[in-house]
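Just the one chain here, laid out as structure tokens, in the form predicted alone.
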């Protein structure tokens, strides 16, 4: 193996792999304690959400690397590093921030991101490439503000405090709602800056108007990261948005098609800037988040018509806007 690999699938197919070569990963499902022989062996983001379209209780993903990893813990973060690439996970209980002057989710988010930036500074790996964010009740309103907007305010405050860019050179990301659980953040970072990729069909999220909250979301539509000898395309969570507005409200098939049109547009932009052979939609690894479980077959049919018979992880989750029914993210890796 000459570089990073993303391995994943339903059930527990990966626990027997040599743990020294696993940078980190994720486990999705309502039964995260099933066959958990590898739990704790590497940083693993546990997402307590229902899998759709499969009888498997869980889905596991790992990032496997060619060289043994160095592991550590830092202020609640669990992380592993291989050469100049780092993967970490942090989970914070909002109850720990109940006495903050800020809404607890906002305070927890700011704290988590400050800790992430502190770790990256200590490890001299300053470039945040990709972030996966999950927390409960994303569309609920508490403390006079929708929780997703609280999250955005906390994230942006940490970026400002840590002197990180708020536009342009910002990581790819997703933020989804689950039924319960702590604020959970997984991230990948490196020494070299990733190339941000935007979508000509959409307003960049960090330039959204104030109607979407007091602070704009801080993420790029995609990034191209460059570990030695490789190019990784991280496409952020992508939904049925044109410009900055939701389209096809109430029609999950049309929203899925529009989400895929946005992914194809991002893919075209990424390929204009790529250092490797062009990325193809049929080769990417996908997660699809579906708000209503009953909609999964329709989402799957539309996806199959565009990307073919690839193995897709379907997850029951709430999208960041209450009128969005589906969100799709994707990852691809090429040699350079």
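Worth saying up front: this structure is predicted, and the values here are computed from it rather than measured. Positions refer to the first chain, counted from 1.
Below: the form predicted together with a small molecule, not depicted.
Put simply, residue 182 is far from the small molecule in the predicted bound form: not one heavy atom of it is within 4.5 Å. Mapping the unseen interface onto this chain, residue 196 falls outside it, with no heavy atom inside 4.5 Å of the small molecule in the predicted bound form. For residue 152, a non-hydrogen atom is located within 4.5 Å of the small molecule in the predicted bound form, even though that partner is not displayed. Interface membership of residue 159, defined by any non-hydrogen atom within 4.5 Å of the small molecule in the predicted bound form, is ruled out. Partner contact region in the predicted bound form: 238 to 246, out of 238 to 246, 116 to 124, 84 to 92, 186 to 194, criterion any non-hydrogen atom within 4.5 Å of the small molecule. Each of 174, 217 and 320 is positioned with at least one heavy atom within 4.5 Å of the small molecule in the predicted bound form. For the options 226, 221, 147, 80, the residue carrying a heavy atom within 4.5 angstroms of the small molecule in the predicted bound form is 221.
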